[in-house]
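For reference, the chain that follows is the form predicted alone, supplied as structure tokens.
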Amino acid sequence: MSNNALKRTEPDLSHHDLSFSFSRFLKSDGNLTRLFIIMVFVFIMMSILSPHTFLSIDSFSSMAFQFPEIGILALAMMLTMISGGIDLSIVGTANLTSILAAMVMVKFIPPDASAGISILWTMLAVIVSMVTGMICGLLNGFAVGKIGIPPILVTLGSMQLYMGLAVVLTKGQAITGLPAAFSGIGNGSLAGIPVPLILFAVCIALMYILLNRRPYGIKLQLLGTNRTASRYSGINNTNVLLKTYAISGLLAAIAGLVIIAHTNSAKADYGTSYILQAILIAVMGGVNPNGGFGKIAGIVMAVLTLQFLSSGLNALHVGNFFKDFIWGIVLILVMVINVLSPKIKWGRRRHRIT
């Protein structure tokens, strides 16, 4: 059994202590401490390299509108990775569901529609998108949980399926002309706070409750740690996987809505690089690629770190192709550190004992 699994056998009584200490919180997980140091280091480094552009108000405002898209997708990726799987179809789901929402709004909202009619059809389009996202996720969950196909193969196929459907529906063209009220989701603010940031915060809160305050979270971690043991302990693995992939599809649909609201258009090939970034954020945030462990705080710090790095590279006029190269290097380095760190720590402990 892995070290993470051993840690989870001890009862988590932290929620009984209402006092909060940030240092104690970081010390509770070596990965969080390491991630916090990396985040601060990247921020300071980019501040030194490009102080006038990176530290400007416009830069922070732009970041607040940008990172929630990939942050929500990373939450979707985190859930499936905790279950011991992966969801490569999140971008395909996001594009397909957002295209359906855009088609509903463009087709049924006339140019001279009243505000009430416009809001009504916009809400219906959002519901269509979210329901479709859950159905896409359920299809993945059924193939993984009920049929038993490996998640990477299922979601690789469904990624192509959903992107192919999106291309067929749009013939490869972008859908434009979304109502102004809907565009406010991606570009507007409430009380000075960007709406995408508010949506990301809501998703974080709901996911935290789901993973840490509901029985589903415990079942998901047990399933990811040892599928056979979870089945013999009375957990219905199939139901847990269906819920996991359905929620992943729902989060992907929400991310898709934020993306098209931000760009005011929908297209089948938006955000193709987001899959690698979502995996990178999840792994960097401490989610165990073998399943069973992952924390929301790690995802938040990882997405902020990558956003600081991305904005800093933009300020330094580094090209997008070179950024993809850096993402790949960072992903490999993080996985190497995450694998070697427990072994080094265990070696030191054994040396002290002997």
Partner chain sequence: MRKRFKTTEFYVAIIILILFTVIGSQNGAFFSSANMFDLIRSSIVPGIFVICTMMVIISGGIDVSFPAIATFSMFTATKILMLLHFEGPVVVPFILAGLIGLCLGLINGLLIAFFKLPTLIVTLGTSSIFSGFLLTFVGSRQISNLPKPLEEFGKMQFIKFTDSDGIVIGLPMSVLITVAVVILVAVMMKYTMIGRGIYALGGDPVSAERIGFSLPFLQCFVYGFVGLLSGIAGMIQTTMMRSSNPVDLLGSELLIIAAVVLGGVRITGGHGTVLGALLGLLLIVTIQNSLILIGIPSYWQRFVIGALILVGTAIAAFQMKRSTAKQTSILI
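Numbering follows the first chain given and starts at 1. Just so it is clear, the structure is predicted and the values come from calculations on it, not from any experiment.
Omitted here: the form predicted in complex with its partner chain. The next part is about that form.
> Of these, I218, L210, M103, L161, which has a heavy atom no more than 4.5 Å from its partner chain in the predicted bound form?
Replying inline: In short, L161.
>> By the heavy atom within 4.5 Å rule, which residue out of I117, L276, L206, A229 makes contact with its partner chain in the predicted bound form?
In response: Contact with its partner chain in the predicted bound form is made by L276 alone.
> So which of 251-259, 127-135, 166-174, 195-203 is the stretch with heavy atoms within 4.5 Å of its partner chain in the predicted bound form?
Replying inline: Of the options, only 166-174 has residues within 4.5 Å of the partner.
> Taking 4.5 angstroms as the cut-off for heavy atoms, does F60 touch its partner chain in the predicted bound form?
Replying inline: It does not: once its partner chain is placed as it appears in the predicted bound form, F60 has no heavy atom within 4.5 Å of it.
> Just to confirm, I82 within 4.5 Å of its partner chain in the predicted bound form by heavy atoms?
Replying inline: No.
> Would F41 show up as a contact with its partner chain in the predicted bound form if we use heavy atoms at 4.5 Å?
Replying inline: F41 lies outside the contact set for its partner chain.
>> Residue-level contact is defined here as any heavy atom of the residue lying within 4.5 Å of its partner chain in the predicted bound form; does F325 satisfy this criterion?
In response: Yes, F325 lies within 4.5 Å of its partner chain in the predicted bound form.
> Taking its partner chain in the predicted bound form, which residues along 318-338 bring a heavy atom to within 4.5 Å of it?
Replying inline: Contacts from 318-338: F321, F322, D324, F325, G328, I329, L331, I332, M335, V336.
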